[in-house]
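Next up is one chain by itself, shown in structure tokens, the form predicted on its own.
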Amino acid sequence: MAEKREEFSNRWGIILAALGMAIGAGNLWRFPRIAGEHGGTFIILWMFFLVIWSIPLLMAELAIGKHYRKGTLGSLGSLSGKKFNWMGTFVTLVTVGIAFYYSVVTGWSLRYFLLNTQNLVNYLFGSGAMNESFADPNVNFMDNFWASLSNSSWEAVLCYMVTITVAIWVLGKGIKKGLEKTNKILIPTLFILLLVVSAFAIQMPGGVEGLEYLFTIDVEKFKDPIIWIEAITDSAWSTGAGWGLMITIGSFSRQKEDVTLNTFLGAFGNNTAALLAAMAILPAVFAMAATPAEAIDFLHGGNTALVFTILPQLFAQMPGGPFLSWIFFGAFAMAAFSSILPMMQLIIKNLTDYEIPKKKAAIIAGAACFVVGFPSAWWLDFFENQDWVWGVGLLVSGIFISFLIIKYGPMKFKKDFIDQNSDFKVSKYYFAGMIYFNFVAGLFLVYWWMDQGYSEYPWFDENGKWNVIDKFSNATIVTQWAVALVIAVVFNGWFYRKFVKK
């Protein structure tokens, strides 16, 4: 017997769920690094693509979930029909693939929070020993800590298993008592913590220069295609556009929810969190650098270790640094955890559509993350490969969702799906134009990405063999996408019968 369908209790429940989905580790990890590299020029383009790429897709996904009341498999299959049902399956598999390795990020965030808690305790009791290790670049404490945690570490395995266990417990309680109740605590606390760190960082000597740099627009940089590509991809990955997560959230929305308004509030809330993170990190970099020029040179390096290795060193040199570092990594852990919840909920929703009981579905989803996420927790190269393959796969997901809307008719889709019970409306020409644009832009982005050749041997190695082992090769991307597509196509009829017709 099917369980009673669940709903969010009010508008804030669905908005907080959308914020929790969108505000993840990338807002505190990836965005400040890219914004630090390109400054205000990037931010302008990033906001531009929020309106052009992300909001139309998020609006469509939320409306699809609300309309069909099913998970990604059932909702996209209902929209597509049997012939193109495999597209919805591929979208689902991409996001499930992300959930498996992203669960490891939640473990890392927990371990860094525990490290900074220990540091704070030491600082309060007067030893300050760990604080000195943080601050001294000659000790390389943070570099060594990150290297040990990200490779063959049972600590990392234990931490990600703890976070997944907590996620199972939360989601097993259901939408209102689990996801909604947790987000009511996580999301406001996250914003408060980011505001506190940002306020302290800006007050530091040199902090204002960092803030000015963040929002300084260099017109010449608009000529650089790399910034445009970075802006659209970061917007897509940060907001969750094309993930199918908004379909899952929409499937629990009340019938009278305003799709357009909720989408705009969630999307701009996500960007606000990312800006707050950058407003905390960049002023800290300027404050600790000998000169503004040195700070800019460092940021232009695009240091991928900014959060895990450099930032703790910066905080350790600040007045009250142990407190700020503890607050920041508390926010980081909350952001990572708030994002893994909807990813696991996507898996659970599809399982409950298959009439598996909610608590059992939560256990299955957690067990899958335990098992399939283990290689990413144990081996950083594997994690980076999965992040590369399925991160780029999101562009394909966006292409597929855009195609299904084009197939239905964008203006008709807006009238039938989005405008129902929506007081706040956007132009049908804007929505239709952006869906067509996203389809074409997505195809171009995938081609551009492949054409860049991020591996020395993108397709075949020096011996002429298919270079599937290389973590950043085109061969590994295409091979893993092909596996997902084969599953989607071969079992197309079965998925359609079980999740759509049923």
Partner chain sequence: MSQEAIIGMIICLSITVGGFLTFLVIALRADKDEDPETGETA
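Predicted model only: the values in this text are computed from it and were never measured. Residue numbers count along the first chain shown, from 1.
Keep in mind the form predicted together with its partner chain is missing from the figure; the text below concerns it.
Of the candidate stretches 64-72, 433-441, 458-466, 43-51, only 43-51 has residues with heavy atoms within 4.5 Å of its partner chain in the predicted bound form. Residue 420 falls outside the set of residues with a heavy atom inside 4.5 Å of its partner chain in the predicted bound form.
Among heavy atoms of residue 255, none comes within 4.5 Å of its partner chain in the predicted bound form. For residue 271, a non-hydrogen atom is located within 4.5 Å of its partner chain in the predicted bound form, even though that partner is not displayed. Residue contact with its partner chain in the predicted bound form: residue 12 places a heavy atom within 4.5 Å of it. For the three marked residues, 217, 265 and 424, a heavy atom of each sits within 4.5 Å of its partner chain in the predicted bound form. Of the residues 143, 155, 297, 212, just one reaches its partner chain in the predicted bound form with a heavy atom at 4.5 Å or closer; this is 212. A heavy atom within 4.5 Å of its partner chain in the predicted bound form is found for one listed residue only; from 365, 285, 279, 93, this is 279.
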